[in-house]
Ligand code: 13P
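Given as structure tokens, the chain that follows is alone and in the form predicted alone.
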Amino acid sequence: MAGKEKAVMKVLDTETAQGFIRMSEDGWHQGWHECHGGNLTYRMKKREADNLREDFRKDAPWLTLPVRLKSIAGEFFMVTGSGKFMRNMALDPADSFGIIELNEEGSAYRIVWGLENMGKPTSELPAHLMNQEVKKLVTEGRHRVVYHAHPANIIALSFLLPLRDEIFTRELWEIMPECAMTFPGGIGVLPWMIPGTKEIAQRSCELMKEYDVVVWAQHGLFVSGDSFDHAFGLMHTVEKAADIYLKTISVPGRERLIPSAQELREMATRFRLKLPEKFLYNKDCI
């Protein structure tokens, strides 16, 4: 087997790479990744990167980032490719995603594996890396996965509800109370913004200091988690709740029987959840 093929297989044989591929494929099967929509990054553990260093390219050029990210400088990330299709992730992984290394100043990156055929990292790379840095700091290193996708129901909901954190959180908690267990800290909401810009990256960072889930109105969802399962589960839960919400409001002449704020508080006590009181406001005051 040629050296290149050995390097490809060694990377793809790792549990991390297989988890990265599985999550991408699962999102595709959910219908969240039409065409080349959506992107995924994973901040590798030091031992994961060290085990693969001999197979990384050493002569790749450094490419300047539009921001300086000191807290994640020198780290390695698995990243999906720009213009790549999630449906091809399992079929041709070395073309569909890659591993990048940040320099010691956190001001540039280079592609050390994958993204073959002149591929580039996702166009949302600055947003991913900026939010990777934020989540590393606020979770003391626990969070490693940042995921963006286009789930149809939560996008539809962003055309109907006022774009406020309190309203989105409360409506989803009420329509599927298990949501309060999955994201007890609530969710953030951004208005529609041009994708791939520094502005949407910065605004997302501000919300990600408080939340693990951010709605990009009329666009999609942006989530963070400590594992592929956690991040995917957040996305899946929000989208399922949005689906139930849309189904219930589409039935004319029927009152929705939803739990009250007090019942949500009682559930929080039972399961030892800390639900911020700002999401348990009196809805009659809105």
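Every value quoted in this text rests on a predicted model; they were computed, and no experiment measured them. All residue numbers are counted from 1 along the displayed sequence.
As for the form predicted together with ligand 13P, it is not shown, yet the points below apply to it.
With the partner removed from view, the residue among N103, S82, N88, T182 that has a non-hydrogen atom within 4.5 Å of ligand 13P in the predicted complex turns out to be S82.
Checking N153, S123, S107, T139 for any heavy atom within 4.5 Å of ligand 13P in the predicted complex turns up a single hit: S123.
The chain is drawn here without ligand 13P; in the predicted complex, the stretch among 255 to 263, 34 to 42, 237 to 245, 61 to 69 whose residues come within 4.5 Å of it by any heavy atom is 34 to 42.
At a distance threshold of 4.5 angstroms between non-hydrogen atoms, G119 is out of contact with ligand 13P in the predicted complex. Taking non-hydrogen atoms only, P177 never approaches ligand 13P to within 4.5 angstroms in the predicted complex. Contact check for R144: every heavy atom lies farther than 4.5 Å from ligand 13P in the predicted complex. Shown here without ligand 13P, the chain has only P195 in 172 to 202 lying with a heavy atom within 4.5 Å of that partner in the predicted complex.
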